[in-house]
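Given as structure tokens, the chain that follows is alone and in the form predicted on its own.
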């Protein structure tokens, strides 16, 4: 009787393929488990009879979105969120660009401790900052209200200016808070990117007669665009999903953002309208998903560097 002996390398290859199949199967099962809530949200948003249970809809309707945008305060929530988060992201990028460049080109002894102090601020849990931040904002709010009252005696103008420039229950306060919360990570990202840009480019531009502003505009900013994109996307996603700060620093319905709108939908006295709630969740999630899709190619470049001397 002749016994066929399978080569050792063939057995190793088959074992490796079996391990790969088990790994892929496990990943598929985990992915399905994680995607199931999102699948239910999308289905319920278009289901005329949406409920708290996963079900195949009998038909498709957009009435939930129409009710949210036309009859409820959905448009106001979206505009508030886009205005506050967009302005905070732009302000974060401007300040992070200046701060990251200064820290990258500075060789002082205090640079490394300052870098770790900056990132330490971001590590502190936001609830621990509520009391000191609120006290500072109250002080600033009293000062700005006195200034507004001294500039105009028209009550209507005072209300409008107070809603825009107040530090508590005002757009300016929310924008500054969101900027302060996102700025530490953005500075760290921009500093890392500026570290990767050789100083030879700046010296060559100076030899060609370029001013400091021309060097920044035509040399540094184009080379650091991936850093600006990554920092901006991280700031936008984090600020877009923030719930605590808008909850603590706003009380007027006119200033509510999308996270607060979703929270209010859960607190209604009557039965929860799951169609309205899931339509709101789809609108709330969509900008973050789109931003993350654009951010993927920048993530590896963002964290490939480190803190240099």
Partner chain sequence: MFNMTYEARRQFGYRIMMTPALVLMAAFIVFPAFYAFSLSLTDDALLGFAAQESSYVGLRNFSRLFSDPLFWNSLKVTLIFVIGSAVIGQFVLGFASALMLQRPVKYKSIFNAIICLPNAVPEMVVGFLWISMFASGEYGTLNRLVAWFGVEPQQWLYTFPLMSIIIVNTWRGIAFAMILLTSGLASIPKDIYEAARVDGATDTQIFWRITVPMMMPTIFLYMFISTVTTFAIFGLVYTLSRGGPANSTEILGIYIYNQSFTAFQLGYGAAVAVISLVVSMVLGIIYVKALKVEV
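Numbering follows the first chain given and starts at 1. What you see is a predicted model; the values in this text were computed from it and never measured.
FYI, the form predicted together with its partner chain isn't displayed, but the following is about it.
Notebook entry, point to check: Between the options 79, 180, 90, 160, which residue brings a heavy atom to within 4.5 Å of its partner chain in the predicted complex?
Noted result: Contact with its partner chain in the predicted complex is made by 180 alone.
Notebook entry, point to check: Do residue 256 and its partner chain come within 4.5 Å of each other in the predicted complex, heavy atoms counted?
Noted result: Answer no; every heavy atom of residue 256 is more than 4.5 Å from its partner chain in the predicted complex.
Check: Applying a 4.5 Å heavy atom distance criterion, does residue 101 contact its partner chain in the predicted complex?
Finding: Result yes; residue 101 sits at the interface with its partner chain in the predicted complex.
Notebook entry, point to check: Does its partner chain get within 4.5 angstroms of any non-hydrogen atom of residue 226 in the predicted complex?
Noted result: Close contact is absent here: in the predicted complex, residue 226 is far from its partner chain, nothing within 4.5 Å, heavy atoms only.
Notebook entry, point to check: Taking the shortest heavy atom distance, is residue 134 within 4.5 Å of its partner chain in the predicted complex?
Noted result: Because a heavy atom of residue 134 falls inside 4.5 Å of its partner chain in the predicted complex, the answer is yes.
Next item on the list: Give, in sequence order, every residue of 250-264 that has a heavy atom within 4.5 Å of its partner chain in the predicted complex, or say none if there are no such residues.
Entry: Result: 259, 262, 263.
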